[in-house]
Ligand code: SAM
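This document starts with one chain, in the form predicted alone, laid out as C-alpha cells.
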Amino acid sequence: MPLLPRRFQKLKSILNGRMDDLTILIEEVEKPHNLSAIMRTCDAIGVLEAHAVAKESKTRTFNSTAQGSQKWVSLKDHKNINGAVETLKKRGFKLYGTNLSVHSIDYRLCDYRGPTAFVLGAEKWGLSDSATQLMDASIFIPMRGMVQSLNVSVATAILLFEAIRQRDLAGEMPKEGEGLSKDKYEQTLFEWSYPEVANWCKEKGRQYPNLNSKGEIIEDLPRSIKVKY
C-alpha cells in the first residue's frame, strides 16, 4: 500500500522533534522489560538513537512494553565499553555515568544542554569499574529509602526528562527538524517511510530515491521493489 500523505506528515512531525545530541549508552542491560521500557522512553523524549554494549551470548529481545518504539529509535551495538565510549566522545558527547561513589554529583546539578550521553549499567551490578573510569562525570539520583538505586529503566527516564527540562527552559528543544543535520533528517525520513526500499538500497549500495512533498518516491524503481510499498 502506498504511503498515505497524512502518514507521511505524521512521520515528519515526529522527526521534527528528534535530537541527535542526546542519547543513552547501556552496558549489559539484558532484561527484555527493562530494555523495552528504555526504548519507549527514548522515543517519548525525542532521542534519535541509543547505544548498547551487550554480552555476545545474549540475544536481544523486546516485549510489549516497548510498544513498537524500537522501530523509531535506532539501537547501535558496540562490542565493548571502550569502543562505545570512544565513538561517542569523538562525536563530542559528554558522558555521565550513574554511580554511587563519594565523587558522584547530584544529577540535578549538571548541565545537559550540550551533547549528552547518559551511561547506565546492568540491572543488578550497575556500571562496571572500567566503564566508570571512562566517564566525564559520575552522577547519582538521591534516594530517601532503604534501597539505594532505582530500576535501570526508571533511572533512564528521570535523567532524560531532566535533560529536556533544561533544554526546554533554555528554548533549545527542536521543533522544525533543527535537532538533526539536513542529510540525517532526509535519511531517517526515508527509512521511516519506506523501510523495505531503504534495505534494498543498502544491499545495492545506492542512494535513497528522492521524495516529493507528499512523500511519494519520484523515481521509477524495479517492479519487485514497488510491490513492497
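Heads up: residue numbers just count along the shown sequence, starting at 1. These figures come from a predicted structure and were not determined experimentally.
If you look for the form predicted together with this ligand, you will not find it shown, but the lines that follow are about it.
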Checklist line | Selected contact from Ala84, Leu95, Ala155, Ala131, since only one has a non-hydrogen atom within 4.5 angstroms of this ligand in the model of the complex | finding: Ala155
Next item on the list: Work out which of Cys110, Ala137, Leu75, Leu100 lies within 4.5 Å of this ligand in the model of the complex, going by heavy atoms.
Entry: Leu100
Checklist line | this ligand contact at Lys79 in the model of the complex, heavy atom, 4.5 Å | finding: no
Check: With the partner left out of view, is Ala117 within 4.5 angstroms of this ligand in the model of the complex by any non-hydrogen atom?
Finding: no
Note to self: Even though the partner isn't displayed, in the model of the complex is Arg91 close enough to this ligand, meaning a heavy atom within 4.5 Å?
What the structure shows: no
